[in-house]
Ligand code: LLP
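Shown here is one chain on its own, the form predicted alone, set out as structure tokens.
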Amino acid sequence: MFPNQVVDSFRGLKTPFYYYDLDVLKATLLEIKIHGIDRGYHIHYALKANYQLQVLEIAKEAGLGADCVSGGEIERALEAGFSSSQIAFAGVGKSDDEIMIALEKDIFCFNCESPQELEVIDALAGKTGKNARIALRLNPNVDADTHHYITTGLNENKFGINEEDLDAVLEKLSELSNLELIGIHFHIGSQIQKFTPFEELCVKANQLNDYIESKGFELSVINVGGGFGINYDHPNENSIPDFKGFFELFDKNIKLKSHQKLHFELGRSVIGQAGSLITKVLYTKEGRTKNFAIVDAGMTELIRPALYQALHRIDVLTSKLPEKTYDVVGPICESSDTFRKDIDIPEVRRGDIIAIRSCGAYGEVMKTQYNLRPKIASVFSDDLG
């Protein structure tokens, strides 16, 4: 929850704004270090979750590398102080310009998703006199048991190379002299809250690892991606995911060879609980069947409820009145601009401050200026003294 002095600081700030509790971020990273990095695992922070420089600098200092899905993210990672050797470049649609950025910076690895992409990277590497290290992103056809928009490891998804195409891809690699296959890569989805999909992933990764090495390739990198979820319902009681159980699962189930290292790409689980969207009640409106709390943040600032039907906890920071049932909605001219429906929260009045919780990941990075909305501020706990 938010200490009184923090809430008092919020009263003097223009809403809406994103607030980041850096103590939560640092405590989360410490758990990742103890249970993951100290096991010898390589953890890449996924910039797509949140690319604020302060967040990136803290993640780098904690010993994480960077997982990027665009040329812009590669440049941001370098700006934050990550070395090229710490950067993996993923993504199903890398443009020629983005590939050239990665080649010029001599990044650690390209995670490649199609035969045609291999050909393009090989050709561009040849033109620049570079040798590109690659990992094949393989589609293990594992159901992540999550929202269908953020499932990425099934045959029906656009991501990765399907098993039936693997032999042809391996054969093609022998013709591409500017590529060096160093590993395999998986990512089955996002906001995965059960361990079962990860256990199934380990089984498939072990099988494919053995198969590819039997074909004469030596893989030094086994990258199992990310996707570990957070608790959106109870961020106060569960501000840090169960990293001990998560990493122990892989320690038990993944079968590494002596020359191999295990890599992860964690985003939401690193930063998700550290961020909140702070907004103010503009108006309340009572009807026959609904009470509305209309706030000054909208789907332009946090699109997840509209896009994924995501349910974020809502805390009223400045009211101690009895609870009342509301639809908490924004000002955007769209009916989908709704944060929560039929939620019981303390009765609010114009000017009350509300925190929409667990917004550190896929919150601020997905904001838009639809309706010509103004840009909003980012506030860090360290800024408040």
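Bear in mind that the values here come from a model prediction, so they are computed numbers and not experimental data. Heads up: residue numbers just count along the shown sequence, starting at 1.
From this point on, the text means the form predicted together with the named molecule, which you will not see here.
The chain is drawn here without the named molecule; in the model of the complex, the stretch among 282 to 290, 174 to 182, 220 to 228, 78 to 86 whose residues come within 4.5 Å of it by any heavy atom is 220 to 228.
A heavy atom within 4.5 Å of the named molecule in the model of the complex is found for one listed residue only; from Leu266, Cys202, Ile161, Ala132, this is Leu266. A single residue from the set Met366, Ile376, Leu22, Leu13 has any heavy atom within 4.5 angstroms of the named molecule in the model of the complex; that residue is Met366.
Using a 4.5 Å cutoff between non-hydrogen atoms, Ser190 counts as a contact of the named molecule in the model of the complex.
Contact annotation: Lys48 falls within 4.5 Å of the named molecule in the model of the complex, judged by heavy atom distances. Using a 4.5 angstroms limit between non-hydrogen atoms, Lys105 is distant from the named molecule in the model of the complex. In the model of the complex, none of the heavy atoms of Arg313 sits within 4.5 Å of a heavy atom of the named molecule. Contacts with the named molecule in the model of the complex, taken as any heavy atom within 4.5 Å, map within 67 to 83 to Asp67 alone.
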